[in-house]
Every structure is written in C-alpha cells, then in structure tokens.
Ligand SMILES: C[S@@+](CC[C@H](N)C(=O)[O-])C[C@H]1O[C@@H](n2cnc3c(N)ncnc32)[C@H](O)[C@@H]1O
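What follows is a single chain, given as structure tokens, in the form predicted alone.
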Amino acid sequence: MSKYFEGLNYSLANEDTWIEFRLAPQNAKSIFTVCGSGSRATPLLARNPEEIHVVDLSETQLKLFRLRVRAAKVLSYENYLYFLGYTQFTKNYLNRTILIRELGLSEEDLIFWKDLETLWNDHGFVYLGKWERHFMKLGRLFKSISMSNMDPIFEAKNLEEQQLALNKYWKPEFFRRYTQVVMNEWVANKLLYKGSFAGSKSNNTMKVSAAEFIYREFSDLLQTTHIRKNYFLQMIFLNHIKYPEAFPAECDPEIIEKIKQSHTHIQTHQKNLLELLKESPHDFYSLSDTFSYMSDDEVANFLSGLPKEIAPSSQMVIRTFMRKPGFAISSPWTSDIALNKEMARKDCTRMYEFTLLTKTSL
C-alpha cells in the first residue's frame, strides 16, 4: 500500500456526492462504494439498500465512516453537525467527548478515537485529514502573501455581486503564479501524495500541468458558479465551511432523517478494490477516483472480471483526477460520452472526469 493511503488521509475531501446519490437506486439489494473520508459513502444509506459494501485500503478511513454513520443515526441533527465539525456550538453546550459516548461504537473504534481526542475535541472531524490540512495550509499561505480578502467574494448573494467582489479583491495573475509554486509535481509528491500524485508527468493523461489545471478550473468556478455554495473553495480560502448553503450531501436534513430510518446491513472491507469487485454482484457502484492511482495494466480488463450476475440497468460511477487509465468498455456495458461531460460540469469542484457505465443485458 502506498504511504499516501496510510492513516487518516481524508476527512472531508472534494467529491460532490450528490452526483452518485441521485444515480443510486432506491431500495436496491446491494450498493458497493469506496469509503474515502466516509462523507461520500454515508449519504448512500438514505437510499435504503438491503446491504452496502464499503471498501478502503485504510482501516482508519473505515473507522471514520462508521463514526459518521453512528453520528447520523443516533444524534440530533444539530448535535450531528456540531459533532462532525460543520458547526462549532450547540444550544445545550455539549462537548464532543460526551457525544461520542452516545454513538454505540465498537470498543475498538471507541478506543481509537479516544486516543486521538485532543485532535477532534475542539473542532470536530471534518478537517482532520492530511489532505484537508494540506490544502487549508495552502489557503492560509495564499491569503498571507497575496493579502487578498476573500470574505466579500464568498459573502456575495448572487453571481452579479460575486463578479463585483472579484473585480475588487481577486488577483488572478498572482493566483496563477502561486499555483505554479505550490502545485508543481515536486511539491505535491513531497508534501502530500508521497510519490502517488496522479498529476505527475509520468502519470498525467490530461497533458496539462497540475498548476495550470488547478488555475483553470478554479478560475472557471469563480466566474461561473456561486461559490457561496461551494464547500471545497470555502475550506481552502476561508479555512472552514462558513455558509450552510455549501454543506455537502451528508449535511442534508432529509438525507440524515432517511439514514436514521434505514435498516441497511453495512459491511466494511479493508481490501484491494479490484479483487473485491470480483466477489459478488451489486446494483450500484461508486468507485470514487481510485482508478487515478492505478496502472493501465491493473484496470484494462476489470469489467470482464465482474460477476456475470450483475443485473441489467446496474450502474457504476468512476471519477478520475488528471489520470484516466485506459480500460476496455464492451458489451454488455456502455458509456455515454456526452452524459459523462455533463456530470463533470455539474460536479461542484470541477476536479474530475467522469465515466458512467451502465449494464444493458446479462
């Protein structure tokens, strides 16, 4: 296992889980999902499948998923947001060390989190990951050296107000130069990805540098979307999610209520993704951007290794970041290029290419 995937790498991440949530069927027999931070997997429980299989190479990430699920099921909505760290106070002035005892975690998981209490007691869990801390640090550095005031941009009530604030406070050329320094291959691999950076010259299939890609996509988000609703940009430039309009799917009150009512059997697996995919059929697959970190040889024929019993109309969502390894798409699986591009445009972070696979027959 790459050092990049060890420990608590993600605690929030940058995937707009609404894409997968809206595609996932209601009351399916089985859903298969990559865990990551857990924030992208937890909302799928609101679809009430009979069972959900959650896989990750890191047992710590699976522990965080189980923590999220128990918090959603047990705590009040207000306490749930506070416990995870989306808000920083409750009317009852409870602290997180009290709330964690209410979750009914396994003894092993409870001991694990109690040993890390000093890390999450003050501010919660959503900003604990190495990935989140890295990009929040870059955001603080940008604010410090550029002397940019980002608050008025995020305070804008609509795109017109946002454009006025951008004209006054945003420094696009400075940001371009900044990304060239902090998002080059050496910095990304040295400080975060531990040699597994998908945007490295030897891995990248987009044929554009990571710095240019980040600059281009961020600029587009700032110009064409209402960033008050973007939790990814708020995490970076404000160092927390300040506006509830930006809360991700796991904060949606209707989703949380449906999770409370769900009777889904949850199975977590610390195992190789491609091996687990071969073991049993599922009705929906949410594979995150795991393929970005795999070679062409590893994924080239993965579809042919899937169980033949997968039902027609079953779907699989694959995200890729800067690296899209080649894999064969053949009957009974199909993919619509136009629809893939539409999904990428709708994704709130604009960081991913999408491949939506649909099975057409047995």
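What you see is a predicted model; the values in this text were computed from it and never measured. Start at 1 and count along the sequence shown; that's the residue number.
Only in words, not in the display: the form predicted in complex with the named molecule, which the text now covers.
Which residue, K168, K271, R101, K201, has a heavy atom that falls within 4.5 Å of the named molecule in the model of the complex?
-> Of K168, K271, R101, K201, the residue with a heavy atom within 4.5 Å of the named molecule in the model of the complex is K271.
Is Q61 close enough to touch the named molecule in the model of the complex, meaning at least one heavy atom pair within 4.5 Å?
-> Residue-level check for Q61: yes, a contact with the named molecule.
Going by a heavy atom distance of 4.5 Å, is P49 a contact of the named molecule in the model of the complex?
-> Judged by the heavy-atom cut-off of 4.5 Å, P49 is well away from the named molecule in the model of the complex.
Contact of E15 with the named molecule in the model of the complex (heavy atom, 4.5 Å) | Judged by the heavy-atom cut-off of 4.5 Å, E15 is in contact with the named molecule in the model of the complex.
Are any of the heavy atoms in S37 no more than 4.5 Å from a heavy atom of the named molecule in the model of the complex?
-> S37: contacts the named molecule in the model of the complex.
What stretch, of 292 to 300, 22 to 30, 309 to 317, 327 to 335, brings heavy atoms to within 4.5 Å of the named molecule in the model of the complex?
-> Checking each option against the 4.5 Å cut-off leaves 292 to 300.
Within 62 to 85, which residues have a heavy atom closer than or equal to 4.5 Å from the named molecule in the model of the complex?
-> If the 4.5 Å heavy-atom criterion is applied to the named molecule in the model of the complex, 62 to 85 yields nothing.
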